[in-house]
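Before any questions on how it binds or moves, here is one chain, the form predicted alone, in structure tokens.
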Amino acid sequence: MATFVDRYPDEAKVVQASFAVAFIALGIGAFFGLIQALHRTNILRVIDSVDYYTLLTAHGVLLALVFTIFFLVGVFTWAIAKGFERPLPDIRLTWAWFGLMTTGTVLTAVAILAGLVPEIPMSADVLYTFYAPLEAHPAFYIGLAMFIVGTWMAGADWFLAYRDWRGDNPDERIPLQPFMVLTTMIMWYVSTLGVAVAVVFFLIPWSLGLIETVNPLLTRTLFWYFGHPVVYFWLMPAYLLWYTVLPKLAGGRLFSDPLARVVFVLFVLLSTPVGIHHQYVDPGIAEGFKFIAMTNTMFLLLPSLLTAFTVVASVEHGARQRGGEGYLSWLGALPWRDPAFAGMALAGLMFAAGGFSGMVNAGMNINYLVHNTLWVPGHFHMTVGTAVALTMMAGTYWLLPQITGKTVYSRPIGLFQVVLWFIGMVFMSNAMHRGGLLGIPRRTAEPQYQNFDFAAAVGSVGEIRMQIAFGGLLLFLSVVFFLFNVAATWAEDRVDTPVDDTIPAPLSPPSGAPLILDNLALWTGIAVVLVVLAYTLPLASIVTDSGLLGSSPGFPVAISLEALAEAAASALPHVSLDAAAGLRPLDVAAEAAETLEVSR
């Protein structure tokens, strides 16, 4: 039986190339992650703490952007060709967007890694969240702009395929997998406008010296306008695999095609107007706008809960088709020895746990307690680091045979690898959440403080650090096993039928879904209106207060307590006793700081 590589050889080469770039980024990023975990826990230090931030930036960009999105474009190319049952309209356009994305990736990576070489006048230690006031070399921003434009071209490629298919099938429902791809790209087009404006109109000119200042709050808000929906952009290929592939691997079929379509439409509408919930601690945004963002964020629970119901129902159906019985005994009938199934199922389980910690992040008052602590990367590693990454690695064991025509080198190694990742993430994410509750900070190479100890109610800070280091080591080893298995598979000989790539029809077919769900123009328009309503007033307020390029006065970078006390003492003699009686301590501190700033 012919598989994908036989039916669409040109598209298969693009998917192979996309996966190759994704896996290279995964290997490098995982290695940097291991160095970070050992460094900040003080287990083993092989770099200077100054270089820690270079590796932290590379770790975030290579894993959160390059690995995830290159895998996404590979999966989406596969889904479009397979779903529409036809090759892409122009393979030259396909290779063009791949080349632009790859070139942008190389440019950005060089700008980051050059920071490790003092002789090279180039660095980009701005972390994955690359908004001002941290400034990177222009090559970093230019590479990111090329990367984003490449994804836009990829989306155009897939919409052209949809146009051709629709011309031949005017009355047909959009096949489910292409429907998921197209709605995801609508969300991506809407959400990337913010970061594109920030990079092209502010950060690139600023880094080139064409403008002297930028408005940090404006660039930060534009980033988070993009920064939350990008999480769903990473998740959508995982959702695509959960909805369409996982039920097949379980031995059944998707429970409901209409529910799947509703979920993706909801993400188009709800994912972008919520980015301000990442800025609860920003003083330049009114509390009312933050409250609205919090309320909007809670609506995102709906598509997540619908997904949990639909996917679990689909998996249960598969288990019962395999002979499973009882309320929970059917779980034992599932194919747990299949690395593709086991990895995706464990990723879904971890995503459910990450959803609970995400609810804490979404609440304004609770968020204040954990915002700048290890809790946040703990949540991030459970969602993107497991729900997305583990699903992608597990999905590779089912997709790679289709695009290469070769069987997986070792399914036992694959099973060991996905379980090892899950165990490593349990250790790391659990310790990070606990450390966050103790107030241990994130984004720092030196979380230790002199003359201060974090008080742990259970265990100790040393035990938490050991868990983080141990979890990081297991995750890195998992990546090593994964890359070995993938490389060995690629080196195998072709076979006639490496995998059964058929996807059975859903129990509830698309004919049961309202036709309006396929009206992509309608959902695009509503999504734009919601974004305008959510962001017009906050952005107008920010620009009114500080201008497009920033107009706030300068503040000292750091103030020592001794210098502040001396300045306060010099200011107080000029204050009468009567006036001092009604003087607030903050007023004294402000006057002292002003005196100190003038003296500087």
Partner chain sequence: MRQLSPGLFLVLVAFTIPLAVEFRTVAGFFGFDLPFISMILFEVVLLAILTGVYVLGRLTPDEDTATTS
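Residue numbers count along the first chain shown, from 1. What you see is a predicted model; the values in this text were computed from it and never measured.
Another form, the form predicted in complex with the partner chain, is not on view; read the next lines as being about it.
For the options Phe427, Phe380, Trp224, Tyr232, the one in contact with the partner chain in the predicted bound form, meaning a heavy atom within 4.5 Å, is Phe427. Out of the listed residues Gly99, Gly332, Pro216, Pro87, Gly332 is the one that sits within 4.5 Å of the partner chain in the predicted bound form by at least one heavy atom. Using a 4.5 angstroms heavy atom cutoff to the partner chain in the predicted bound form, none of Arg45, Ala136 and Gly209 count as contacting. The stretch from 67-75, 263-271, 117-125, 410-418 that comes within 4.5 Å of the partner chain in the predicted bound form, counting heavy atoms only, is 410-418. In the predicted bound form, the partner chain sits beyond 4.5 Å of every heavy atom of Phe481. For the chain shown alone, Met294 is not a contact residue for the partner chain in the predicted bound form, no non-hydrogen atom being within 4.5 angstroms. Although the partner is absent here, Arg337 is a contact residue: one of its heavy atoms lies within 4.5 angstroms of the partner chain in the predicted bound form. Within this chain, Asp164 is remote from the site of the partner chain in the predicted bound form, having no heavy atom within 4.5 Å.
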